[in-house]
Ligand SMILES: C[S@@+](CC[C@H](N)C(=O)[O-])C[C@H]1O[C@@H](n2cnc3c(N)ncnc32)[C@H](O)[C@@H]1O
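The chain that follows stands alone, in the form predicted alone, written as structure tokens.
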Amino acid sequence: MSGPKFVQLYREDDAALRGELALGLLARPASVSPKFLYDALGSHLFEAITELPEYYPTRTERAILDRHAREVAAITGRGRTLIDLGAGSCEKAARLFDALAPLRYVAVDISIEYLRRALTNLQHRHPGIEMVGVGADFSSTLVLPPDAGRGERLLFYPGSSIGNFTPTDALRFLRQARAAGGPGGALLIGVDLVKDKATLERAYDDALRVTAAFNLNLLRRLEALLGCDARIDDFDHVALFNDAESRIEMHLQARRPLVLRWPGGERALAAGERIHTENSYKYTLDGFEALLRQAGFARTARWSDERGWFAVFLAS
């Protein structure tokens, strides 16, 4: 089989991106969408985060999927189109290939260049599977191209990335995922669960400061996309658990009073003032199952680890 096919749906509109970033910096409090964390360097840094001892979600989810992949296949059947949302390195989905035997693998990610390298390498290892890479931003609307193919689909959304959405936006996304699955479709999704605050905060503020580098890399993006004069040594990485909202929050906190300037605008920040960069909502088992049913999924199965830290749901 020839190499993977690539479809570019996401086109960076420089003016729109500048406008979005400027509005976020001028908001009270200032905030920037987490999608801006994932340029090529940001994607590599996130892959490094998943290997850290403090970051339990990846290895816990991996163990759950390794243990129950054949049960997933027994429910969904083999030979589907496997659609990997936020594919990154593609390795999470690749671990499922033996159990699911997909006829087609569709990897979707906002960073097309990072995806291009990862999918090309994966195709060499699995020449018998048709592979399609889709460069897309599904943070607001999940749309799949015709190249994703017909037939029954299994959408795969690992890593508890659903936690980056507010509960309202998560419900909207799940409804879109149900529609994108089509007749007979299913969704396999990883969900981080509520647990003690110390464990949660360590997972987002590791001793090696890889997560800090991931967050601070956003300042380079502000410079590249907006022409903002943000300096990395003017900010600290902050991660905290907001009990009231049941979410981890990541922020960039000003070390001193400063003024961020860019063509056409500026924003003054007091010492200790923050730019909110990411949320990661944590769910209970019953709470997320209720959300799936509200989104229109009729049948669900779920598996979790022995500590009850993480869960994988199969909704169909």
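Because the structure is predicted, anything quoted here is derived from the model rather than measured. Each residue number is its position in the shown sequence, starting from 1.
There is also a form predicted together with the ligand; it is not shown, and the following applies to it.
With the partner removed from view, the residue among L216, V238, A203, I110 that has a non-hydrogen atom within 4.5 Å of the ligand in the predicted complex turns out to be I110. In summary, among the residues V132, L187, A94, A136, the only one with a non-hydrogen atom within 4.5 Å of the ligand in the predicted complex is A136. Here the chain stands alone, but in the predicted complex its contact with the ligand, taken as any heavy atom within 4.5 Å, falls in 152-160 among 152-160, 116-124, 178-186, 219-227. A residue is said to contact a partner when one of its heavy atoms sits within 4.5 Å of a partner heavy atom; K35 meets this definition for the ligand in the predicted complex. Using a 4.5 angstroms threshold between heavy atoms, A87 counts as touching the ligand in the predicted complex. The shortest heavy atom separation between F46 and the ligand in the predicted complex is within 4.5 Å.
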